[in-house]
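Let us start with two forms of the same protein chain, each given on its own as structure tokens and named structure 1 and structure 2.
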Structure 1
Amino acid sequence: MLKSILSGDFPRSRILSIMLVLTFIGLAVAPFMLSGARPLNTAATICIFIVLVASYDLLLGYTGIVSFAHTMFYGIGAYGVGLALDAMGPSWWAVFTGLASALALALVLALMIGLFSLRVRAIFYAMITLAVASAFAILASQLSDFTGGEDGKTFKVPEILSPGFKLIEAEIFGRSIDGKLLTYYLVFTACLLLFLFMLRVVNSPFGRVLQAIRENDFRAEALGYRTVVYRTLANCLAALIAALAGALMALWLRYVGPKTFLSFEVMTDILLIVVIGGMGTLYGAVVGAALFIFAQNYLQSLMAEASEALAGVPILAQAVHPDRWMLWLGILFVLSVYFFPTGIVGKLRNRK
């Protein structure tokens, strides 16, 4: 049972298993355990980032492709749903139209970029995706009549998902069953299914070919696998899942804007999470995303205190300023690429 759910890919480390189970339980009961908007927001962001990062890991960790266009697909999903809901009013029909057109656009773009540049080397692909993604981000903020420009757009979601909606009057475990809760569980379930689906993909023969390409593309080609086709397929799959994650995020936030969905900061966040969590294993995405988002939301207040305590010391006070936490993460990132390229998960698995 568990084997078929996890597609035979077990965590293979006791500590890792405990961490995963804790994350799962924590996310599953988050709305009942915690009160207030901020913890729930953190939990939903963790869910979505697990999927987003895992889909990026399909490219980076499993296939060995560096793409900087992942936020573009994330943004396409979000903008698709957001703009459709904004234009057609809050109905499920709008959600599905928006989602379908976003997925179609993501697929076409991924296919085009892939066929255009995946034939050549990794570096080329990285540069082209960087260029295309930044052009897309600027386009999205310039077409302000259509996308709301820099400010983005807020929109209404279907009634069931809106915060004012009450499914039943009574409270369960001291928590009213409102639209926000339903949205959370929609996000949670969708993310869980997507994650298990990706686990299935990477442990299928298709996933094995991707890993073969990562290890030695020349050899994979010699064995008779058309690496361009496999790379392009992986690229399209990752793009579609990223678009789905974006759509979920848009439904959760009831807002789309370039800063949240298309900015380069999101891309560096994804990159940091994948590498620190562990490349080439989807569990790395879970551990990495959970730790990262948690730290992003709570560690910064800790740093603020440290900064105040060090107020007299010139450079050091600046260095522990909460806005500078990327500095420490960047250093951690560089160190982890050197000393433990398999990330937290690889470290835990090798402890035995």
Structure 2
Amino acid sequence: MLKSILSGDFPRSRILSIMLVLTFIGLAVAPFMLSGARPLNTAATICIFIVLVASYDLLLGYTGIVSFAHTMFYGIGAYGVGLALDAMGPSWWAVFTGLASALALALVLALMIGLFSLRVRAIFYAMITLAVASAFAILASQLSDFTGGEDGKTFKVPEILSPGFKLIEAEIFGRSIDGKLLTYYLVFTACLLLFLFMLRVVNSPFGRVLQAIRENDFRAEALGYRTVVYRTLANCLAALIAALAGALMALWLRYVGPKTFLSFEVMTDILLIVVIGGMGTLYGAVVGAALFIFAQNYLQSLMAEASEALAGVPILAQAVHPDRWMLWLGILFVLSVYFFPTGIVGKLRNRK
């Protein structure tokens, strides 16, 4: 049963298995174990970024494609759902219409980028995707009447997903069964299914061909595989999954804006998580996203507490001042790359 669910791709490390199980349990019970909006928002963001990062790993880790357009597809999914709900009202019909439109646009753009750009090599393809993504971000910012410009747009979601909705009056384990809780489990379930789907893809014959292209595209071509076709298909698949992740984030935040979905900072976060977790291992997306998003949300708070505790030692108190959290996040990243050059998952799997 477990072999079928994981598509035969087991963690192959006791420590990694424990980390994955704890992450799954933590995310599954987060609404009932944690109180307040911030912890729940952190858990939902981890779920969505696991899918977003894993979809990018299909390109970078499994196919060897360096793309900077992934946030564009992420933003397309978010804007598709958000603008449809804003224009058509908070209905499921608006959600599905916006999602279908976003997926169609993402597929067309991914196909065009694949057909016209994947014939070029490495850095040239990366620059083309960066140019396309930048143009799309500028377009979203300039069309303020339609997209809300730099400020973005807030919108209402279907009633069952709205915070004011209550499925039942009684509380379960001290938690009200409201629209926010239902939205969280919609996000959690959708992300789990998408991740298991990607596991199936990378462990299928199609996934093996992608890995062969990554290792040596000339040899794969010589064996009869049309590498451009497989790269284009991988690009389209990754784009569709990224768009779905964007749609889920839009439903969770009830907001769309260029800084949240289309900025290069989001692309940088994706790259950092892939490197920290380990390229070519979808489990790396789980470990990397959990650690990175948690650090991003709580490192500053932890440093503030440490700074207060070290008030009697001025030098140390200043060193861990919360305003320097980005510095320490960067140091942690450098250390993780130094001690885990193949990523955390790669290191754990290669451990004797």
Partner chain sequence: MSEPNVSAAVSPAPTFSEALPKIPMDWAPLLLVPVLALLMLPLVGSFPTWVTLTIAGLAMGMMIFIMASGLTLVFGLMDVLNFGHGAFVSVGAFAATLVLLPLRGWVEADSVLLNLGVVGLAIVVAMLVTGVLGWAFERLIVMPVYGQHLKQILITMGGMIVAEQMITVIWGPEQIPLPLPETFRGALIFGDAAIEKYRLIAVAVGLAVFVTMFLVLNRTKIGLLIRAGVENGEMVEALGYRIRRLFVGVFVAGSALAGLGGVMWGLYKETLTAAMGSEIMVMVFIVIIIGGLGSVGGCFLGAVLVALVANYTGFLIPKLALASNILLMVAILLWRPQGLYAVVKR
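Everything numeric in this text was worked out from a predicted model, so none of it was measured. When a residue number appears, read it as a position in the sequence of structure 1, where counting begins at 1. Think of the rigid core as the biggest set of C-alphas that the two forms share within 1.5 Å after superposition.
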Inset, instruction - Please let me know, 1 or 2, which structure is the form predicted together with its partner chain? - result: 1
Inset, instruction - Compare the position of the CA of I15 between structures 1 and 2 after a rigid core fit and state whether the shift reaches 2 Å. - result: no
Legend entry - Following rigid core superposition, Cα shift of Y338 between structures 1 and 2 in Å: 7.0
